[in-house]
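The chain that follows stands alone, in the form predicted on its own, written as structure tokens.
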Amino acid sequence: MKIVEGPSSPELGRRVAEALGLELVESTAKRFPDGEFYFRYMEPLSGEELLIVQSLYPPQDEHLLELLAMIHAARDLGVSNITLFVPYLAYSRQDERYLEGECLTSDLVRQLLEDVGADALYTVDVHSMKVLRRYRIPAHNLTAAGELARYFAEKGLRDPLVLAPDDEEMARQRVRYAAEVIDAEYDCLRKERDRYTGEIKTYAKELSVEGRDVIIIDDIISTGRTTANAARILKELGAARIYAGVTHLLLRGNALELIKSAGVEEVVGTDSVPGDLSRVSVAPLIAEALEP
């Protein structure tokens, strides 16, 4: 197997290659003056097995087309097997038709990846397993919750609690695992989102957090409202230090300011979305998943 570093994830691709001890495929990518995408493999690939590393963070549509082009070219060149590592799988929040007439965009992404020639998919902390269950190729979900928890555990936490800002099953699984990794307790809050306005309401509950450090673990932070709501509740209950660890740190608009003003001391993401706060790598996750 060889590694292909996609245009959205060059650093992550190199980390994956290093973690697996595999070669990187030489390739080149560029944009024409009119914005169209160009991609070329610079070496023969007939009969090879490829692992393509390409995260679909914003601009999602550009990164998706880039991924499709890489798969299509590899198939044309006679590659024997194509495995995708797509840490941030765009459109996974549209996991069902919530309102009549909506496009089920998660299913559109599935169809595109399958039809163009992918043989298997690995992603990280997908928003809903409903999305992956629709795939006809093997589709695997990895979690960065343990790695995020370990990052904060190095800060000398005081009687820590790991908290999910909502109580959906995937959120519960993430915080349960994160808590096990650092031998801590865990709990969940309950939230509701208005399907029409997008307004988020988080419900307070009795939590034993007086004087304790809390790690909020989530899959995605976009607007920051969910994390900020949870932090305000924790502060009112007497929590000491509050941290937020998120797999896909998108941070739209004033999200970071909103979270910090609610009392969160540090926000950390993974390199599924590269940035200054992406201090945890997901490369070890795929390396562990693929090692025999």
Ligand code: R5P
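Here the structure is a predicted model, which is why all the values come from computation and not from measurement. Start at 1 and count along the sequence shown; that's the residue number.
Another form, the form predicted in complex with ribose-5-phosphate, is not on view; read the next lines as being about it.
With ribose-5-phosphate left out of view, the stretch that reaches within 4.5 Å of it through heavy atoms in the model of the complex is, among 31-39, 262-270, 44-52, 220-228, 220-228. Mapping the unseen interface onto this chain, R212 falls outside it, with no heavy atom inside 4.5 Å of ribose-5-phosphate in the model of the complex. Taking the partner from the other structure, ribose-5-phosphate in the model of the complex has a heavy atom within 4.5 Å of a heavy atom of I200.
A residue is said to contact a partner when one of its heavy atoms sits within 4.5 Å of a partner heavy atom; H127 meets this definition for ribose-5-phosphate in the model of the complex.
Within 4.5 Å of some heavy atom of ribose-5-phosphate in the model of the complex lies at least one heavy atom of R93. Of the listed positions (E147, D166, D119, D187), a single one reaches within 4.5 angstroms of ribose-5-phosphate by any non-hydrogen atom in the model of the complex, namely D166.
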